[in-house]
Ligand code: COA
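Only one chain is given next, in structure tokens, and it is the form predicted on its own.
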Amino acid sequence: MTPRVGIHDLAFATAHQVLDLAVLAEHSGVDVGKYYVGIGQSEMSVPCADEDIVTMGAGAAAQILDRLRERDGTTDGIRTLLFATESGIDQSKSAGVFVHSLLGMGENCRVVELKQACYSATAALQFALGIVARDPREQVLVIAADIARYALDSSGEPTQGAAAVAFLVTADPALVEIEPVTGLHTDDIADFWRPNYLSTALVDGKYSLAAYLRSLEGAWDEYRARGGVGFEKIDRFCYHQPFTKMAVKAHDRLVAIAGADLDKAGRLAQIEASLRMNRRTGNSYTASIYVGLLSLLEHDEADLAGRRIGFFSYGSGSVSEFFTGVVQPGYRSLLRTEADARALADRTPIGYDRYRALHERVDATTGGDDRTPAETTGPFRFAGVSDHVRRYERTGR
């Protein structure tokens, strides 16, 4: 008999600086409503010079490992660490190996990095579910961390951001049991990509939005064809959020595809709580759908125990998946709602000049030795590069 498998714990981290999009709007000479309302974004997290996907990913994962150590006295039960990102820091070595070291995990562990635009955290989840289904003693740690960067003064600039999530996949999960039926869709397109020679992404905005919606229809149709439940049996939805208004557009489209009788208020009620955190962090690529899940669990006023969530994960280029999960009784006792609120509230606001200098610094330091200034208030920092090797440190915070 196949065991119940799913997400047992879920943690969040973000960068320790924040840019209000009103600052960007003033610089760009546009009405801030274009950002606050038009794309549904109010802020974006901006990494310090000594923050990156490793420091954010380690910050999220440390919360899960600390809880495991308190309960079991060890984290040796985690024999697989999957790191999903499209902000890779090395063409060969997994970012997860750096995290594994920072967290003091046991050496009997496989560590792999996964990439497919914003989709790969869902691939990691599905791989983890398979590992646990094969042997229910297994525990798999999944980390998704990204820094969304677009060229300065480009159309994508207001949709930048940074965040990470970590989640533990186990048998008999305490947060969300993932159901087995999925719907998949892949199409070889050029809607969004980042060549090796660029540190910022390229995007065909209108094409990408159309591709997202076409992919949603394809994934939903296969999900239903393979025996997935009807729309009416799904209570809440989480979407990949390059910006929160995209999730609203996607849900409107799915309601139309499914032929559901829901007015605007009814549609928004199914997704609104999932948008709150992403609205403030900005786009976090692979992490964004799971930041949305955490936001939903923390901010939906209803008791979601026993409720079914529909997930649509999209990665440009493109690969997507629709699947469902059921929220478990007692889920609220495992959430870190106050700590997550503090992580957002305690970010240091910065002005446009500081933001621009940090943005330009990424390219200025590529390829050479560099000692980064100590800026982050988080527990881990990127110390710089020497002899072409990235160096990380614990901060003691």
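Only a predicted model underlies this, so the values are computations on that prediction, with no experimental measurement involved. When you see a residue number, it is the position in the sequence shown, counting from 1.
The protein also exists as the form predicted in complex with this ligand; that form is not presented, and the subsequent description refers to it.
By the 4.5 Å heavy atom rule, the three marked residues Gly38, Gly205 and Lys249 all count as contacting this ligand in the model of the complex. Contact annotation for Asp31: at least one heavy atom lies within 4.5 Å of this ligand in the model of the complex. At least one heavy atom of Gly156 is located within 4.5 Å of this ligand in the model of the complex. None of the heavy atoms of Phe167 is located within 4.5 Å of this ligand in the model of the complex. In the model of the complex, at least one heavy atom of Ser316 sits within 4.5 Å of this ligand.
Between 106-114, 221-229, 241-249, 137-145, the stretch whose residues reach within 4.5 angstroms of this ligand in the model of the complex through a non-hydrogen atom is 241-249. A single residue from the set Phe237, Phe98, Phe323, Tyr212 has any heavy atom within 4.5 angstroms of this ligand in the model of the complex; that residue is Tyr212.
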